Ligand SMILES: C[S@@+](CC[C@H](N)C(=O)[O-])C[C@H]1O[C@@H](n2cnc3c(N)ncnc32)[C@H](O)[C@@H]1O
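The form predicted alone is given below as one chain in structure tokens.
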């Protein structure tokens, strides 16, 4: 039985929000954007439309709102949704400081309560993409998108989870959990840097779920640490992330 991820993850991020303020300030200043834990460039990934003028865009699990701001800078009308009031407080403060008119809503990305088919573009970078079960938040993203709308999301690669020790220690070259029937991991009680409950699927299960919902897959990217990367980020050492995919990006479209 999976734990109560909504309450757990909300409380984790409310308690930890102050530790992410400096990171958020730096991310709001980034131009052009950099993605994920290892700072892969927008130029190399193309996660955002270059010109978003007039587009309605939504970030699901927006946290401190920097991706929402990147879309705002490109001309979009942006809505950000997050379950953590404290993370949204940081986002609102930064939006005010940058003069950004972004609608920020405290709520559950699995059930936003927003109207059907009103967004042209949706995105999640380490938001709903990892903190919500895929079979909960992806149907909601589908509902929110107009026909022809696009969804892009970035999160942990399944291999990085398989190679992560059960006690939360940094990833290594051993498989620590089964791939079959993968659902994610509960990090609340681990010895090293406990956090919340995250979700993931096997590659085949992702494809099956997209087909069941109705999404077309337009691109899939496996991300590595850039050349020359050092240190450990999010419990993954640079030498591991340089040789094996640490993150994945799915590009989806709701058919016309």
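Bear in mind that the values here come from a model prediction, so they are computed numbers and not experimental data. Positions refer to the first chain, counted from 1.
A second form of this protein, the form predicted together with the named molecule, is not displayed here; the remarks below concern that form.
Is there a non-hydrogen atom of residue 253 within 4.5 angstroms of a non-hydrogen atom of the named molecule in the predicted bound form?
Answer no; every heavy atom of residue 253 is more than 4.5 Å from the named molecule in the predicted bound form.
Classify residue 33 as contacting or not contacting the named molecule in the predicted bound form by the rule of any non-hydrogen atom within 4.5 angstroms, answering yes or no.
No.
Mark residue 155 yes when one of its heavy atoms lies within 4.5 Å of a heavy atom of the named molecule in the predicted bound form, and no otherwise.
Residue 155: no contact with the named molecule in the predicted bound form.
Can you tell me if residue 215 lies within 4.5 angstroms of the named molecule in the predicted bound form, counting non-hydrogen atoms only?
Residue 215: no, not in contact with the named molecule in the predicted bound form.
Out of the stretches listed (180-188, 103-111, 143-151, 167-175), which one is close to the named molecule in the predicted bound form, meaning heavy atoms within 4.5 Å?
Within 4.5 Å of the partner lies stretch 103-111.
Sort through 71, 95, 122, 132 and report the residue having a heavy atom within 4.5 Å of the named molecule in the predicted bound form.
Filtering the options by heavy-atom distance leaves 132.
Please state whether every one of the three residues 59, 66 and 127 places a non-hydrogen atom within 4.5 angstroms of the named molecule in the predicted bound form.
All of them do, each having a heavy atom within 4.5 Å of the partner.
Going by heavy atoms, what in 78-93 lies within 4.5 angstroms of the named molecule in the predicted bound form?
The stretch touches the partner through 81, 82, 83, 84, 87.
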